[in-house]
Every structure is written in C-alpha cells, then in structure tokens.
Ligand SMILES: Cc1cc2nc3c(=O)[nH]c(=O)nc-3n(C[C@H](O)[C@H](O)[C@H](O)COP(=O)(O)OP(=O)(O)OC[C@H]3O[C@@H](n4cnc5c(N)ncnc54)[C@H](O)[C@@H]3O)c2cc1C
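This document opens with one chain alone, in structure tokens, the form predicted alone.
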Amino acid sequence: MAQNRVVIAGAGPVGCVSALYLARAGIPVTLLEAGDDLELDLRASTFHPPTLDMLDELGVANELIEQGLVCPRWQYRDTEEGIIADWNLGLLSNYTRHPYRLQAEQFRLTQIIMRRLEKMPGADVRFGCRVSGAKQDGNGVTVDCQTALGSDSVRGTYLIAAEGGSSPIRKTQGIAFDGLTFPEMWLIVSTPFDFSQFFEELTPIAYVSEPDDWFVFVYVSGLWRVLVPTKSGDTPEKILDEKYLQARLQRICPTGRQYEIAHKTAYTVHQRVAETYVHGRIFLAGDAAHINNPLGGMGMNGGIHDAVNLCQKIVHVWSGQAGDGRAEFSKYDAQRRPIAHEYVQQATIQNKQMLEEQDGDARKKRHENLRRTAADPDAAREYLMNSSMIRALEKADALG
C-alpha cells in the first residue's frame, strides 16, 4: 500500500482505542488531535461490561479498573417511593469477564492508551493539529489540518473520523447527520457532598424520577455528579449561575447550607445518526457517526464498539484476507449503523421518556413492571443484557 498507514482524527476514547488496536496489529497510525494535550474534562464516565472485555483484549482494562470504581449494582429510584429496581450485574457473570459497570472518567482511558502509544514505533501522535477536511482518490486519503505553523496535510491509506459530533470530516464529505435536538439544555454539576448519607442504600449510579422532574446520580473520583434537565429557553448563563445551581441541588437534597461546586457544565443534547459510516476510504466512528443523550451511558461505549469492529476489518484488509476491502467495510456500516438507529437511539430515548413520565397511573405501571423485572432473575438478566449493550453486540454480529 503506497501510504502504508491509517490516519485517525481525534484523540478521544474512540480515536485512542482505534490507534492502539491498529498499532498492536503492526499497522502504522497517525493520530491527529486538535488540542495541545489530551482533554481532561468530565465527559463520559461509565464503562459497560462488554467494553471492559474489549479493553481487556487490548491490555488496558486492568489499569483502568485500578483507577476507577467498580459498580456491581445500579438503581432506578423515585423520590416518593424510594428504590424501584436494584439491578445486580452479577447476573451477567456467564456472559462477560467484567459483570459490573466501571466508573472512571474517559480521560483516564485516553491517558493509559497514550502512554502505550508513545512506546510503539509505528504510532505517530500529533497534538495541535486541527483537522479541517479530507480528499480521497483511488490510492489513499489526504487529510487537511491546521497547526500553529499554518496549514498542513497528512496522507494515509484510510482515515478514521473520530473527532466528535461536529466532525469537519463528516461535513466536508457531505454526509447527512439526521435526527433531532432537544429544546432544553441539560446540566451536570459535581460536588463532594455525599448524597449517600441522605438517600438510603444509594448506589454509585442511580436514575431518579420525581412526579414532575428527574435527575441522575453518578459517583466518580470522590465527586457526586448530578445530571438534571432544564427548561426550554433557559440560557447557559442562567443555568450556570450560582443561585440556580444551589436551588437545583437544594431541591434534590435540602441541606440548609451551600453546596461546594467542583464542576459545572450545560450542554445541548442531540439524537442523530450519520447516513453512512463508510465513504470510500473514510470511516466515521463514535460521536462523528452517532450522538445520543447520556441516559444509559451508551455513547462512549458504542463508540468504542465501533472502533473495535472497524479496526478488526481494517486488519483483515491490510493483511490481504479481504480483497480490496469494499465488502468488508460495507459490513462495518451494516453492523454498526442499524445498532445506533434501532438500539442505542431507541434505548436512550426510552430512558428519557421513562424518567419524564408525569402521568400518575403511567408512572405507577412503569414502576410495577420494573419491580417485577428486577425480582425475577431471568427477566432481570435479560434486561441487563440489553442495558449493558451485550445484546446490541450480538445483534450487530448477526447482521454480518
């Protein structure tokens, strides 16, 4: 192959996993990251069991687990009724080597992988290189980027676009990104305040409904992250104002004193899927291919699943096992895009609808169904097979 390398745009979890997978297989990679270093923000923090299995195959799961919090249980709760369903992930022990959720900020994974890549001679990592577009021909792809020194370009055999939901590569290739944007913004606020002292038997991950609202608890690295919706028309300035933050937290847990705020962010939430994940020699993965609301922790996990699926196919083509790759790469689109449409999008929207339900009779029925499911080991196992994304991976394999 004339260019004998794969170019990867974006050094988030999806880009880093792709780079490590290919480099371990002996395929040279160039990883381009717009920032001057890895992002250290508090984005995704939940790793599902099959994702940990994949990371185990790449030799990085144990180090990540050492830095995170193992969560064998998570809950659905209601402010009036208490615990509705307490889900025991140990029921998945026959289907995964990691029957639990791991709470660890995504930057911990990218840092672990970057340390590995720095020692691999076939891995070229370039920070401060903002990708602006790409052009391809019959022999390869030329990636245009901007650096502190001006315009530059990088040539490769293939390009993996993993540079986020606003992907310049997807846009310059004219790939549609249909879906919807919710009218309300969502707020995440982190505090060292220990909610477990006030909510009986609170697990590190808990989805909590109220008669006219909802919120989510996530515990990671000594902080409780609280996710709440806001109202349509609320501005970031209003949402991030100290009085607003304190009022929202006091509503969740009245303390009579100020909460210490360690981190806060307001963001717009989308549900979108690209019209194709494969465009010649250019592939979309992660948020560049699909974005969804965070309820269920499926975004980052689904992106890592994309990366592993795609890189398996690149290795097959690179080694000469799959001809010119057209049939092999079409399988990537056939396996991963329907899962984003039919599984991740539907599941995350259903999670939102369940938490938002305000009709009293409908809420009562949902809670009764959840209680029955959680109390029946077989039904609970099937529920967890879906919520942990194991069934999604099985369905993707069946589509191949």
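Quick note: we count residues from 1 along the sequence shown, nothing fancier. None of the values given here were measured: they were computed from a predicted structure.
Not pictured, yet referred to below: the form predicted in complex with the named molecule.
Peer 1: Among 330-338, 44-52, 57-65, 370-378, which stretch sits within 4.5 Å of the named molecule in the model of the complex, heavy atoms only?
Peer 2: So the stretch in question is 44-52.
Peer 1: To verify the annotation, which of these, A11, L20, A392, L384, has a non-hydrogen atom within 4.5 Å of the named molecule in the model of the complex?
Peer 2: Of the listed residues, the single hit is A11.
Peer 1: Report the residue, out of M354, L69, I27, A34, that has at least one non-hydrogen atom within 4.5 angstroms of the named molecule in the model of the complex.
Peer 2: By the 4.5 Å heavy-atom cutoff, the listed residue in contact is A34.
Peer 1: Does the named molecule come within 4.5 Å of any heavy atom of M298 in the model of the complex?
Peer 2: Taking the distances in the model of the complex, the answer for M298 is yes, it comes within 4.5 Å of the named molecule.
Peer 1: Just checking whether E39 would be counted as a contact of the named molecule in the model of the complex - the rule being heavy atoms within 4.5 angstroms.
Peer 2: So E39 counts as contacting the named molecule.
Peer 1: Any of the heavy atoms of C129 lying within 4.5 Å of the named molecule in the model of the complex?
Peer 2: Because a heavy atom of C129 falls inside 4.5 Å of the named molecule in the model of the complex, the answer is yes.
Peer 1: When the contact criterion is heavy atoms within 4.5 Å, does F195 count as touching the named molecule in the model of the complex?
Peer 2: Heavy-atom contact with the named molecule at 4.5 Å: absent for F195.
Peer 1: Is any part of 372-386 within 4.5 angstroms of the named molecule in the model of the complex by a non-hydrogen atom, and which residues would that be?
Peer 2: Contacting residues: none.
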